[in-house]
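Below are two forms of the same protein chain, given as structure tokens: structure 1, then structure 2.
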Structure 1
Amino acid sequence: MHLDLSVPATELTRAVVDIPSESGAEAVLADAVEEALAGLGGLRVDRDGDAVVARTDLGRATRVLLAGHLDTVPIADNLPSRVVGGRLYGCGTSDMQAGVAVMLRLAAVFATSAGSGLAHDVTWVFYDNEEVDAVRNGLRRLVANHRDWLDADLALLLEPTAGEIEAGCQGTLRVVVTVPGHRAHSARAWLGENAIHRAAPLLERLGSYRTRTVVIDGCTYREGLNAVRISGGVAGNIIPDACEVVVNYRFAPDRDVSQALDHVRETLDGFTLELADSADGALPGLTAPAAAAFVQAVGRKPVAKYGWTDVARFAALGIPALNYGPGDPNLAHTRDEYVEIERIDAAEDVLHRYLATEK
């Protein structure tokens, strides 16, 4: 499979989308990306599994990293891509092959000038398995195997943001709250203690919880504390002796996991809980000079990112990171996924302006 990087971004997006690359099956696309980048000349191209990393080495004072995942969610009868009106439809168009295509276009454009037009050194990171369990995530693997490939002053993830700058991300943790009871036949309920009934004050407390809103670098992070699963019951004639509630806390990045867990313990005081999983958030990092310059290039006020994204991996490495991409986050993972064609071109323009010496 060959990718021609000289075509316009929309056409290139189509070509990328039409190479199926569900998580775990990115090899064909990764090969095509690696071959196309190597063919440009002037870039050092490295490979780790199905991740491809390309870098300039121009000795610039700053390095900007552009990152995008090659994998898509499972194809839902929505390939090959098709253009309808001003939209390109198909699996991965929005999340995030349009971003991948913009990254490839920028590599091609600057390579033709042997990088002379670049204000920064640039690193391109294409990686696998973002849409599945974190343990398989290709960026996580790169951090472990080749931390040095990822050095940068600013990382931009071309995840779908509809052309907005989404800064930082909230952290997340899940706890399992166990409410005990005492089993009995339901015909003699007074001999037991109903664990499901005893969960009422827990749910009431969650329902009336007042969420925090935190403003950092002008970005507003709105938290959430929610039961995301409940289960209890033994049989239709048994007073249940246990009820389990999984609670998800999405917290602003001014707290780390440990502080967030303390807050949950305090809020759910009196209940027994255990931490099931967690991930730190990422501060917006907009005060870093490279980030501030990018915000100026885009010309739009950054907004907070609510979901957890791979920007947190860069934040954990001490690299400010932002999400900025042409796709629409609300269309990600839907059968009717599409990307507005004009947003692809706009993203390429913005990034070109930001990376180029002539502003």
Structure 2
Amino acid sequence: MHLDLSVPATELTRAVVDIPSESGAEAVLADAVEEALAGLGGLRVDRDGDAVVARTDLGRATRVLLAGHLDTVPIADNLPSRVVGGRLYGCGTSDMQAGVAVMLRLAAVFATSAGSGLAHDVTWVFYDNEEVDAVRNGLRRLVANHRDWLDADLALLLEPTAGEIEAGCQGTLRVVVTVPGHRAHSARAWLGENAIHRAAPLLERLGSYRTRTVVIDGCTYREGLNAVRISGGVAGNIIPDACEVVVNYRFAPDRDVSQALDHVRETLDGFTLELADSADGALPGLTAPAAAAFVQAVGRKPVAKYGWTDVARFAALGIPALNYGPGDPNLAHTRDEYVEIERIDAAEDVLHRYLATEK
């Protein structure tokens, strides 16, 4: 596969989208990205697995890192891409191949001037396996294997934000709540104790839970505690002796995982639970000079990021990070996923002006 970085961002987005890159199968797209970047000249291009990192070395006083994941969720009969009424439809258009295309376009545009128009040195990070378990995340692997590749004064993730600046991100954890019962023949149900029925008080407690709202740096984070899966039962004629309810807690970044887990245990007191997965969130970090300069350059008031993104990884490294991209987060992972074409062009223009303008 070959990517022509000289074409307009919308056409480039279509080309990226039409290279299938479900999580774990990003190699073909990673190859195309690596080849295209190496062909520009003036960039150091490195690779680790299916993560590709390119960087300028112009001796600028500051460095800005642009990051985006190459993978998409599984295709849902939504490839190849198509354009209808100012929208580009296809798997990953919003999350986040439009952002990947904008990154590639910026690399090509500045390469034509040998980087002379850049106010900052720039690092481009394209990585794999963001849409699956955190242990497979390509950015996590880069942190472990090549921490120095990620040095920057500001990291911008081109995650879908509909052109808004989304600051920080929520933390997340999942617990498995086990509700016991006593097995019996369903014809003699009084001899058993139905574990599924015994889960009803847990569900009622979750249904009446009052969510917390937290304002940090002017950004409003709303929390959520929800049952996301329930399983139980043995056969059609058996009273079940066990029921499991998976509960997800999305918490504001003023709490860490330990504090969040304490809150869940307190809320679900009386039930047996086990932590299954967790990730700390990231504070907005808007007081960092580099983040404040980007906000000023874009001229948009930051809002809270609902959901977890890899800004948290950069925050853990002490690097200010923000989410800013052309896709719409509300369309991510949907069968009818699309991106507004005008937002692709607008994101390229905003980032070009930011990177090329002296502060």
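Just so we're on the same page, residue numbers count up from 1 along structure 1's sequence. In this text, rigid core is short for the largest set of C-alphas that superpose within 1.5 Å between two forms. Owing to the predicted nature of the structure, the values given are computational and were not obtained by experimental measurement.
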Practice problem: Only one of the two shown forms is the form predicted alone, so please name it by number. | Solution: 2
Quiz item: If you line up the core, does L275 shift 2 angstroms or more at its C-alpha between structure 1 and structure 2?
Solution: yes
Self-check item: Core-superposed C-alpha of A184 shifting 2 Å or more between structure 1 and structure 2
Solution: yes
Practice problem: Superpose on the rigid core, then tell me if the C-alpha of R198 is displaced by 2 angstroms or more between structure 1 and structure 2. | Solution: yes
Practice problem: State the core-superposed CA shift for R210 between structure 1 and structure 2, in Å to one decimal. | Solution: 3.7
Self-check item: between structure 1 and structure 2, C-alpha offset at S231 (rigid core aligned, Å)
Solution: 5.8
